[in-house]
Structure formats: structure tokens, C-alpha cells
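Quick heads-up: the C-alpha cells below are two forms of one chain, split into structure 1 and structure 2.
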Structure 1
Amino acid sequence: MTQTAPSREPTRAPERGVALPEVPGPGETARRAWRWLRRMSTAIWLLFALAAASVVATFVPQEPVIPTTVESWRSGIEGPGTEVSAVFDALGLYDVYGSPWFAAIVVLLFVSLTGCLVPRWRAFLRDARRPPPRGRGLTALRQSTTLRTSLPPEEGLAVVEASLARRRYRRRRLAQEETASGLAQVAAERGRWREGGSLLFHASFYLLLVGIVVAQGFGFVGQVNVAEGQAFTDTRISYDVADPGRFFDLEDHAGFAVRLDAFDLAFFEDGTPERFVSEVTVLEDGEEVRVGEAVAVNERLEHAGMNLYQMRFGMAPRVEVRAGDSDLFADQVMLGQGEGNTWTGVAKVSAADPQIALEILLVPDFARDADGEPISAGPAPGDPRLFANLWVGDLGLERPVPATQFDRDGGQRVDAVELGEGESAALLGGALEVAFPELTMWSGFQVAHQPGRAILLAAGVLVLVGLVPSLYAYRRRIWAEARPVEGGSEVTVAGVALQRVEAFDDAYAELVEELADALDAQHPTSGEPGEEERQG
């Protein structure tokens, strides 16, 4: 606060005799903001903010992840109620990762990261080219030992250098004129990768960002459900849900078709699915190009840059509705999972007036419980039974409601029917005939185009490659000087460690022992501070 910013007007306030608070000018403000962003504690606070955002996003349902739950929170069916929900909406809590404030945290983090990294990289690159620094006052260091040897100074130092080379120290030989003590010296250093790894680790976040931008911008994710025997094409409109990236255009779809030939399902005896596999054929321009390919969980199918993943599945009974000679409806009805191994859904038979809909409950393996109520004996199809309620009236079928819903208030339930596989029955005294010729399955695929995979993977690898040395490499320096004496020389070895000092103490002791042997030293004498006792 004491430096004066150039942009401030110095004259007005004193004239009035009032001490105005010092208002920093824009340049000064920017400099202060930059300084603030470069501080490590700012980085810590930003990391806290990032964590807090994720905590919120864990416990508040996220629209891009589970839109249905968000819908029921909004409408108050679930969650804390509509008023709280409105606040959540205003704050963007239903889409934390798409909210402006989340973007702001990320941007600030990256600005802060840049502010930290630029000077560190510069210093690192400058220092990396520098040889290990010369040592001074070796006997004053905490780890310091003097060994007597019959070897002349140069040879004594060569022995030290060899030992340090084995320990992968970077070494440098200094002549007498170059040192403070006037003795020849070996200066050695290791652990540069601590800083280098840390820099690599932090820098890989930029790569990660690039990967995410590419994946989001040029990628595509779609979902589609198909019944056995049916096919879908890779065009935007045939997906039930499509989430294209900003730069993924309609023409980027390859337009191939995928036909679901069969869907195999096996269960364990407790009812959990053991395996489910879609058998598909890929067609291009009506030609079968890949026949009998399997798509299963953990086993995707790649075609023309698109990946096909097995996601959901369900039962799809074939249902036919006839009125006299005219077929009103003949299709596979894709049902959703109901309670206790049952499947439910709606066949929207006609959007004419009056509208007709069949509300369907499918029991894959029909049985009766102790009270005589129909239940399913298991999840696997055994003796499938289809129960249907016939609704007639203004059911809202012309409106774009979800496939499994219709407007019950506008119509009436006029009849009900129970059918086994292959059976048919008359409804409304013979006015309608409903048939259940066959039980088939449907399969739900996720179809994705994922560019940027290689970039993201590389970023992930670099994160780890940088992280490991940044945490486990330790910086140490060792110096040795040799003083010529009667019949040989005195070699003084000294070292310091920046991290894991106690481990260095052991390594140092080992080094000295090895040197004492190699130099055939008579009386190793330690420098004073190294003697200090350690307490365990």
C-alpha cells in the first residue's frame, strides 16, 4: 500500500484536507490481482473452491447426468421442495459443471497455474544447464567427514567421483583456482527431477484441458434403443438422445446402419444378469459389411469412427391390435423395468379420435404368490404373461409426451386383458382384437465419437510421470575436497539434503563407509555437527 501507483492523482485530496482512501489505479489493481493469483495460498483456496463445487454436484442431482431426478426435484416430488429447488436453479446447482461460476474457478486456477509455472519453468531451464554449484565451508555442514588416504588428492577425488557416479549424481570437477578454499573439489548434485517432475505434472493440466476441449467440441454422444430385428442409422434424427459437440455437424455422421439381430441374456440364480450381449450386423448402403458382431459391456464395437457401447436392455413384446380387418397397431413395445422383475410400458395405438392406448405390464415368468397375486418367478423369460389395460379418450397422444406416458385424466380405462405368448383375445365385446405373438428384447446403445482420446491419455500419463518424481525424488548435494598432506591426502566429504534428511543421513553414512574402504582410510573423523545424536 505504500508504493504510489503512477496512475493516481496526487493533488486533490490534500487541498480539501480530507484523507481519501488510496484508490489504486487500473494498472496497480491488475498488478495486485496478478500477484494475488500467483500466491500459493490463492491456489489452495481455489482448490478448495473446486472441491466444494464437486461436493455440491455429488449431492445435488445433475441435469446432464440424471435429468429425471432433477425434474422430480424441480416439481417437488423428491428433494427439498420447489422453493429450495428454485434457488438451486438460480445458482445453477443442477448443472454445476456447466455453470459460469464453475468456469470462473477453472479459469482462475489456470491463470494462477500459469502465474506459478512461468517463473518456475524459466528458473528450472536456466538451472538445468548449470553444473552443480561449488561448495564452501564444507566442514561446517551437518554431514561432513574427513578421511585420510595414502592416495594423492587427484586420485582421492577420482575415487569419490566414481562412487557418486554410481549413485547417479551429476558431477563437476573444480580446479584449485575455482574454489574458495583453494583446494580441488568435486561438486555433485541429484534430484533435479523433483522440480522438473512437478513442473511437468502441472503443465500436463494444459494438455488435459486441450484434450477436454477437443473431446467436447468435436465429439458426439448419442443413445438409441432398438428392438430385436430392427435397425438404426447413424444420422442425427435416429438417436433418442443426441449430444453433439459444437463442431460435430450433421454431415459428420457416417450414415451406416446397425441391425440388432439378437439379444442374448443370461442370469445368475439370484436374478442378477450374468451377461448380456447384442448381436449386430453393420450395414452400409444396404450392404451387410460386418455380420454377427457382438457388443457387450466392456466390449465395444468400433465402426467408421463411432464406438458402439452396450448400455441398457429390456423386454419388447410384439403386440398387435386389430379392429375388424384393419391393423391398428403391430410393433414391438419397448418396456421399462417395473417392480419385482416386471416390465411396464405403453403401446400408443392410435392418435385418432378417440385415442386408444394399451397400458402394458409384462411378467416374464408367470407365477402366483401366496395371496394369489401374479408375480414373476424370476427375471428370465419362462412363461411370459402380458397384462394390458385398454384406455380410450383424449389421452394427449398427439402431444410430445415421453414414450411411456399418456394423459390418464383425459380418458377412461375401458377394458383389460391377460395374454400368454402366442395368444390373442377380444376386447370391448369383439370390437378390438389384441394379440401377443412373441416376446422379443430391446437393447440400448450408446454411440460415441471420441476424438482427443490420445491427447487425454497422454495427459494422464504425463500427470503420473511428473507426479512420481516430484514426490519421490529428493534433492541432495555432496562435495568433496582433497588437501595434500604428508604421504597422501585428506579428503573432506560433506553433503546436505533438502528432503528426507534422515534417509540422507543413512545414505551418507553408507557413502562414507564405502569411501573409507576405497580410499583405504585410516581414521575417519567426523565434522562436529554431524555427531549430534538422533532421538527415535
Structure 2
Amino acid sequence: MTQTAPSREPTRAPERGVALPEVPGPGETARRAWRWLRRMSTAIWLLFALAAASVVATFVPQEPVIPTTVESWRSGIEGPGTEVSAVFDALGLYDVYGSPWFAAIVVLLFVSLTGCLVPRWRAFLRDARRPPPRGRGLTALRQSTTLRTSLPPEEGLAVVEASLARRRYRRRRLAQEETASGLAQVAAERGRWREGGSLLFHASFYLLLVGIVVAQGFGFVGQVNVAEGQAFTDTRISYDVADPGRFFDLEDHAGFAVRLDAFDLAFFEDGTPERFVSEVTVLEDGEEVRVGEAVAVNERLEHAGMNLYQMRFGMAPRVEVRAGDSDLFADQVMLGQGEGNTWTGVAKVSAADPQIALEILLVPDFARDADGEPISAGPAPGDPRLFANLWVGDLGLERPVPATQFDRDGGQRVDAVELGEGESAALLGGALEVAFPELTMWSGFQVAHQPGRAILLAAGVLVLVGLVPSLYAYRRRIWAEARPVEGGSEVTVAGVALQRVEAFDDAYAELVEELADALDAQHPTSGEPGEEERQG
């Protein structure tokens, strides 16, 4: 009975499926993100994003600073329109520094800089503790010189070591059994602070960011104008312009008062202010605690953590308006500078119906030009003259408009007056009386709480301290070996520069010349250029 072998079908290779992309797990994703954050290029891009956000905050009104303008943009009265304003709102552009995405950029930037700097500092400190490396094949280096001296090997190396010490090299003495050549050796190194300076320079930017965050978060800047004899109190409502930090609250104001007692003003011959100094008194709870303090340009007054700076000045004539026995207005009107040494402004006399306002032009030193028009002979008060137009009607005085503005379209000019200092005159046939009793000055102050100044100063100092060694220092290494010969020894000196090779060539030549004199060497010989340029 025959048996047939079982038939075998040809084996088919298994069909290959579509290769799926490798999906990293959570741990690998975190490692990749950390490697990305540790790159210096990432820190630069984050710095660019931070700068771009600051530019946006410059052109888009910020709600914590000027809420009225933001409300006008949202309502469409001003700005790019309600649709664009809604996009700005959704992106948080009306409060850039308080938005979550800005906080995320700041946090990522700090993490990135930390990841960049900490490993570099660790490597630098580890490298700084290492002794200078031993040398080998000294005669093969490009900078290599052999000096023959009558001194024995140990004394010859001692001379070399003393010379390197004077040049502030870090030195290491190696015994014969520690070198490849079997000769005693001096290894020296200098210039590690090039890397240290670079690290200080980059660390200063880290500190600079810390100072900016502290200053912006906990600082305060306010501006206020005060007329002579008047005072302001360090509360939020007293400032004409206030820019508080994110974490500077209302209760952080010190609450002291500053009274402007006098204002000293002098001009150069060309009309440029020579000096303007405010004499102030500081009061706490109604009691004078600092009297006769001077505040001038570059001369600030510091009190209770606040710095008072002199910013600007102007003229503030005292104006009085009466209607019969009733006093409608009696105050100093702080004017803004106009053309030709003149000062202009508005006295809002009455917001009742009908509204009354005086449009004022003050000429500090009255004179007339060739056409008979009033001009000021100079910027300093001499013969002050006040010109006022009386406006009546719906002038918009009930609205919160700036002190120098009113709605001319809603009213009409009904009378005018010209007054010298100490004079008065009747208007509207005697219905009103306007007086100009005296001319005073007003002073503009900036009040600032700056908690990050010390940090910013330290960062600026570190920039300079780190910049000098990173620009001028360079790594270089020197080795010396002494071989005993008849009548003395041969001292071989070799060196290599890791940066700034040209500068090292000159320094090496000076060192060899100094050693030749110190060793009283005969016939110095230079080694042939070799392939080795670096020792490690």
C-alpha cells in the first residue's frame, strides 16, 4: 500500500498592516516639553511674546487704568467698534497684565530661564572646582618653547610657578608618576570667569524680570496737580491719574497729606526754566510732621514708602465771581500753557441752569506788539493780565469732562473782561462781578511706590559685572616640565588658548620672555607646530 505525502501549499507571508504613528505617553510628553522649555531659543520666543503683549497694552486702553475709555470702546462711542471690542474683551486685551494668558507667558518664561540657567551654573561650579588638567605632548603644541637653564629641575619649575602666580593663574604641581612623560610638571589655567561672566549676564535678566514683576504687581504711580496753599491726600480718589499695580489695594495707601506752601520759579534768558522747586509740608492726621521740604527735578521726597517727584508746573490765578451778595465761584484756576508764554483754562462757575463758565487767557508779563495785540514780554510773572470771556448756556459742565474743556456749541459768549492783578469788573450790566485778587502757581507731582527698585538696581549691576569678563576674559592653559641635563635642566613651556588665540599669542610671548630672564636661559628653542591644540 503506497502512501502519498501530504501536499504542501506554498507559505504566504503575512500581510503587513498600516503602521500607526508612535504616540508618546504622558511621561515622554512631559520630557519633551521640558526639553523644549530648557532651550534658550524658547526663552527668547517667550521674551518676544512678553514684549508683544506689552505693546498691545500700550495701544489698547487698560481697564484698571482708564475704565471710562474702555467703557466708551465697548459701547462703540469711541474706538474700533462694538464687534472688534467684543473680540478684545474675549481675548482679555482690555486687561492684558491681569489676563490668564499673560500670567502663563510669565510663568513659562521663568520656568524656561530656570531650566536654562540652573544646569549651566551647576556645570560651571563643578568645572571651577576641578584642578588644571595635566598636559601631555607639550612639544607638539603650537605654542611650545624649551629653555635651558643652570638651575636644577625643581628650582626651574618653582621659578615658572612663581611667574604664573604673579599672572593670577590657578596652578597644580604634578609629581613624576602623575604625568605621561615621567617628568615633574606645573599645570596652570586661567579665564574660567568668561563662562561665569556670561552666566551672570544671563542671570541679570532673570533678576530683571523678577524686579519688573514685583514693581508692576505691587507698585503704584499717581499724578496730581496742586495749587499753592492747597493740599492733596494719598488716597486713590485724590489723584488725577492713577496706575496701581495688580496687588496694590486701596488700603495700601499711606493716607498722609502734602501741602504746597510755596513755589520757586526762575528762567534763563531764552525763556527756558532754570529751576522750579516746590516747598511742601507733610501732614499726618492733621499734624505737620515734615515742614519746609523741597521737591525739585532730580530731588525727590520720600515718605511712608512713597516717592514724591516734581513733574511740571503752571500758573493758577485766583478768580472770584459774585452775583450780588452771593459767591458763585472763588478758587484758583489751574491753567495750561498756551502760545507765546500765555496760559489758558476754564473756570466752571456754575453747573446750574443756566450754566456759566469763564474762558481765561492769562498773560504773565503784559505788553503789546506792533499791531496792538496783547503779548507776554517774558515767561516770568511781571505785570500779569487776565482776559476772560463769559459763556452762558448748556455748556456740559455736569459731565465729567477735563477742567480745561466745555461745550461751546451749547452756549454763547455774552461778555468779556480784562483784569490786572488785584482788580475787579462788572459783567452783564452789573449782574455779575469778576475779580482777580492774586496770581499763584500750581505744581504737578508724581507719587510712586516702587518696591522693585532695589532688585532692578541689582540686575543692572549684574549686567555690568557679567559683561566685562564675558567680553575680555578667555580660557587658556599653560604647562611646564623640567628635564635634567648636564649642567642644569631644560624647561619646556607650552600653552594653548580655548578662545581669543591672537591675544594669547602675545601673552605667551611675554611669559616666555619673562621666564627666559628669570631662568637665565640659554638659546630658547620653539617647538614645531603640532596637531594638538587642546588639552583636557
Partner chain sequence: MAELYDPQFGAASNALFNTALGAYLLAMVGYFFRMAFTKVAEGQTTATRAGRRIGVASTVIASVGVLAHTASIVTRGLAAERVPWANMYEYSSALSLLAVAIGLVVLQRRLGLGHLMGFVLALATTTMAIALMLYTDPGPIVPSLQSYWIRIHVTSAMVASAIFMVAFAATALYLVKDTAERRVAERSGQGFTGSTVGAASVTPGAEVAAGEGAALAEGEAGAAPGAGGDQPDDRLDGDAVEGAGYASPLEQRRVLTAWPFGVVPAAVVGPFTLVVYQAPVAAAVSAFVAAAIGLLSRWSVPHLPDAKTLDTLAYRTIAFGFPIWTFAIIAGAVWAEEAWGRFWGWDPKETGSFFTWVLYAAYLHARSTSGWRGRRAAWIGVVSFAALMVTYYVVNLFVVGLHSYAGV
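In this text, rigid core is short for the largest set of C-alphas that superpose within 1.5 Å between two forms. From a predicted model like this one, the values you see are computed outputs, not experimental measurements. One-based numbering along structure 1's sequence throughout.
> Name the structure that is the form predicted on its own; the other one isn't.
Pick structure 2 here.
> Give the rotation angle, in whole degrees, of the smaller rigid part relative to the larger one between the two structures, based on C-alpha superpositions.
Smaller part versus larger part, rotation angle: 16 degrees.
> Can you give the C-alpha shift of residue 110 between the two structures in Å, rounded to one decimal, after superposing the rigid core?
Rounded to one decimal, the shift is 6.6 Å.
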